[in-house]
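In the block that follows, a single chain appears as structure tokens, in the form predicted alone.
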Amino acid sequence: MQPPRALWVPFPLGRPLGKPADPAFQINVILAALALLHRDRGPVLEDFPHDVPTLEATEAAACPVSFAAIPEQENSWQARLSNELTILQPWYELSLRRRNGRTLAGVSKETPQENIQTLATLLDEHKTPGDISWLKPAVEDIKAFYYEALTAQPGEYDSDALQHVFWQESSFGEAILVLHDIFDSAPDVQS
């Protein structure tokens, strides 16, 4: 986007001002962003120097989405990823309503559902995509879909909790890692 001034914040997706219900911290974020207007010249990209205040163990709720084990006969990537997307779809739609239809998904020409089907087929066939330019926008769209769905759920989540759910508990996080291994072992793919 190349804004003339931007404050980079290390907060989870959907939490641009940090922890909800912490007005003192949120005011500091806003004041830091407004202070960038006093710079003589742009562009300015500055890091916010503080992370979100740590949540008390009693405050942090467990993620209400449970990625249940798929029965053995349905253990294909097609079944696993389709099932997971179906579980997250209502949460994603809720996140869209809360943000008046705004989403970070949409970089790819295809929908997240179409991209997940294509990715699942590649993984089931243990192949790399023929058109590599499709991959990055597709993965970014699916990732945005997941994070927006996860942040729409009740509870307060820090970035570590969201990262854990995405990379350690979701089939899509596992799929990205498996795809990396496929690329790594493919003789016809150049770095």
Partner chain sequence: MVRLSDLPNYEREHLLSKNLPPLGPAVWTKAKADLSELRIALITTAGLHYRDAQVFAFTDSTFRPIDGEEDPNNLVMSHSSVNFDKTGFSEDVNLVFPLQRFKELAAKGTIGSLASIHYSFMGAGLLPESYEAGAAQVAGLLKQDEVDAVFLTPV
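Think of the rigid core as the biggest set of C-alphas that the two forms share within 1.5 Å after superposition. Here the structure is a predicted model, which is why all the values come from computation and not from measurement. Numbering follows the first chain given and starts at 1.
There is another form of the same protein, the form predicted together with its partner chain; it is not shown, and what comes next is about it.
Novice: Whether residue 26 contacts its partner chain in the predicted complex should be assessed with a 4.5 Å heavy atom distance threshold; does it?
Specialist: Residue 26: yes, in contact with its partner chain in the predicted complex.
Novice: At 4.5 Å between heavy atoms, is residue 162 in contact with its partner chain in the predicted complex?
Specialist: Although its partner chain is absent here, residue 162 would touch it in the predicted complex, with heavy atoms inside 4.5 Å.
Novice: Any of the heavy atoms of residue 94 lying within 4.5 Å of its partner chain in the predicted complex?
Specialist: No, residue 94 sits far enough from its partner chain in the predicted complex that none of its heavy atoms falls within 4.5 Å.
Novice: Should residue 87 be classed as touching its partner chain in the predicted complex when contacts are defined as heavy atoms within 4.5 Å?
Specialist: Flag for residue 87 set to no.
Novice: So which residues in 116-150, when you check its partner chain in the predicted complex, have a heavy atom no farther than 4.5 Å from it?
Specialist: 136, 140, 143, 147, 148 sit within 4.5 Å of the partner.
Novice: With both forms fitted on the core, give yes or no for whether the Cα of residue 22 moves by 2 angstroms or more between the shown form and the other one.
Specialist: Passes the 2 Å threshold, so yes.
Novice: Relative to what's shown here, the Cα pair residue 21 and residue 147 differs by 3 Å or more in the predicted complex. Does it come closer or drift farther?
Specialist: Compared with the form shown here, the C-alpha atoms of residue 21 and residue 147 sit closer together in the predicted complex, by 3 Å or more.
Novice: Against the shown form, C-alpha atoms of residue 30 and residue 149 in the predicted complex: closer or farther, for a change of 3 Å or more?
Specialist: Compared with this form, residue 30 and residue 149 lie farther apart in the predicted complex.
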